[in-house]
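One chain is shown next in structure tokens, namely the form predicted on its own.
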Amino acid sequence: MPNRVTNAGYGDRTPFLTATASAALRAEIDKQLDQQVLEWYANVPEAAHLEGKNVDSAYYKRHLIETAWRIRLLRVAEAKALVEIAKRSPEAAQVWANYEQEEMLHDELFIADLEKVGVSREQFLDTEPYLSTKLLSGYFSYLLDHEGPLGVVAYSYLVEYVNVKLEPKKLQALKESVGESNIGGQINHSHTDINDDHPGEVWAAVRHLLRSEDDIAAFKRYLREHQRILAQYFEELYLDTIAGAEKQPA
């Protein structure tokens, strides 16, 4: 009788991309992301606020709150992604599990920085995440249910690549505006991304999940879609803090 077991990662596990082809595709993807960064600064100026000299206190605090919530909510979805990845590629699952292990508790780094600027853990827990954050978490669930884990992993590659590229500039600005002693959690988070080569780690998982030219095209689309969703967050953050304060009567 035939074995009825499927979805155990025992299909053809030969990577679709050779090591050389993977490196070439990654360079192509990184070039796309560099262009997306330029478009980001042009189209989402609200996101560059923390790189300026005068940082709005409400914007900064709410951004830390939302970042911690995003890490926690997305880690739940990304843990679910591990199940789907394991069904397709044990090699990708091993990489993804290690990446999640390194990132799982990083929300606590941002909560620690919140306490340094007067926001207690209780205040953080009493603050409901923005709709844009809930929608991003919901998009992850949609992807896992209807398109597969590649789109979830694509988000991490986008975020890790951009963080390694832009975070040092932002942190240097925050050292001057907020004070280096107040951003230790964010510095530690950035050091992990850079020193542990999180973009490279996520790409290793991506390589094992790409099985066709259609997958490559989908991956590129996911990167653009995630950037659009991230823009919604920064617009919501700006309207809730800086723009909201400007509308209030003197």
Partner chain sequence: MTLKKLTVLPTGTEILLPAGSPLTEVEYETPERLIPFGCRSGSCGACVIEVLEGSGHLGEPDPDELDFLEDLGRTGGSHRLACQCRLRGDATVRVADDI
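This is a predicted model, so every value here is computed, not measured. Positions refer to the first chain, counted from 1.
Another form, the form predicted together with its partner chain, is not on view; read the next lines as being about it.
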Check your understanding: So in the predicted complex, does A24 come within 4.5 Å of its partner chain, heavy atom to heavy atom?
Key -> yes
Review point. Does A19 reach its partner chain in the predicted complex if we count a contact as any heavy atom within 4.5 Å?
Key: yes
Check your understanding: Would R207 show up as a contact with its partner chain in the predicted complex if we use heavy atoms at 4.5 Å?
Key -> yes
Check your understanding: Is the gap between R13 and its partner chain in the predicted complex 4.5 Å or less for some heavy atom pair?
Key -> yes
Check your understanding: Since exactly one of N163, Q94, S137, S177 fits, which has a heavy atom within 4.5 Å of its partner chain in the predicted complex?
Key -> Q94
Revision key, fill the gap. Note: its partner chain not shown here; in the predicted complex, the stretch from 168 to 176, 86 to 94, 151 to 159, 118 to 126 having heavy atoms within 4.5 Å of it is 86 to 94
**Study point:** Partner contacts for 27 to 65, taking its partner chain in the predicted complex and a 4.5 Å heavy atom cut-off
**Key:** none
